[in-house]
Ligand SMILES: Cc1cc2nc3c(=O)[nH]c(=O)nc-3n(C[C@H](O)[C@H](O)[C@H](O)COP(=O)(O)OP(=O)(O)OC[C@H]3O[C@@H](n4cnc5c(N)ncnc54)[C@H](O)[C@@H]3O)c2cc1C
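Before any questions on how it binds or moves, here is one chain, the form predicted alone, in structure tokens.
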């Protein structure tokens, strides 16, 4: 354990060494700020809590056309890439499917997160793992491998969906959460070129199940739902077991597979909730709800938000910007796309409670429109279906 001074000053403290936090720490340190990056986990990137699917850079630019993509989203070291896919395939409750081209990378989250943390350290940031931070009378109290009181000039809260810093701004208690369970399975019969999503109340109420290939006969198989859609007697384990054993399309391809790892996590499902900045605190990544509501994908938004947070922190210290500008910078980069994804998910929520309505959606939306929906665009056919549903009561 390293004990700090009675009250130690630092320019920027970043809480959380995930994609948002490590990116923020690298950006601020590279701009000349003294930066301390901490993470409550003993090992950066572990345990893994994410399927690891990340679209290629050109897909990300189409998803966030106004964002300046950091180099870490564009050029990912090959040692961090487990597999590449070319197709996204969506299955209706009836078993009918639609597919569209999406160039994707399946990344090793442990390796990727450690790569980002190493970049932050190389840029000059100091780091403590196994350390927590909590606001205390205007300071931050560190406990763990690093302990003591810190007096930071800027704090970046990238400490995940259960963020203590978000709570200090009154944010996290209003977040809607999705809960996820995922298995790494070997010996499965899959389409190695396709990332697949499966909808239906029996297997994934209020969410979807997925198969993300890691190779020819290995995949991440998971389910993500919202508690408000689950029966009181339902459990995630039972839902995932049902998907693997009983789904008419996926079951025959999965049920003979062997489980090599189990991963769990929570994902903000309601989009960005304010405030994401208060005083000297900036929130980024899951702590700020920076997750696309249509897919649950958060890595791209987290890295972009972390980059903006680190830049704004450094520029504010140099007298070149105000932290109050941070929410505007986020909104200009991807706020509109994130807001539209929330609107899209709320429309689809009207259909998710009844499988025949989801089947109707699949019948009336073509593959290109589905791809646009994943990016937050709302096709006219969806609006008409939802209007008809609302009129029918």
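Treat the numbers as computed from the prediction; the structure is a model and nothing was measured. Residue numbers count along the first chain shown, from 1.
Absent from the display: the form predicted in complex with this ligand. The rest refers to it.
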query: Joint contact, 15, 161 and 266 to this ligand in the predicted complex, by non-hydrogen atom at 4.5 Å; finding: yes
query: In the predicted complex, residue 182 touching this ligand (heavy atom, 4.5 Å); finding: yes
query: is_contact(residue 50, this ligand) in the predicted complex, heavy atom dist at most 4.5 Å; finding: yes
query: This ligand contact in the predicted complex: residue 250, any heavy atom under 4.5 Å; finding: no
query: Partner proximity in the predicted complex: residue 88 to this ligand, non-hydrogen atom cutoff 4.5 Å; finding: no
query: Which of 91-99, 258-266, 192-200, 230-238 sits within 4.5 Å of this ligand in the predicted complex, heavy atom basis; finding: 258-266
query: Contact residue in the predicted complex, from 146, 298, 207, 271 (heavy atom within 4.5 Å of this ligand); finding: 298
query: Contact assignment for this ligand in the predicted complex, among 302, 120, 219, 166, heavy atom within 4.5 Å; finding: 302
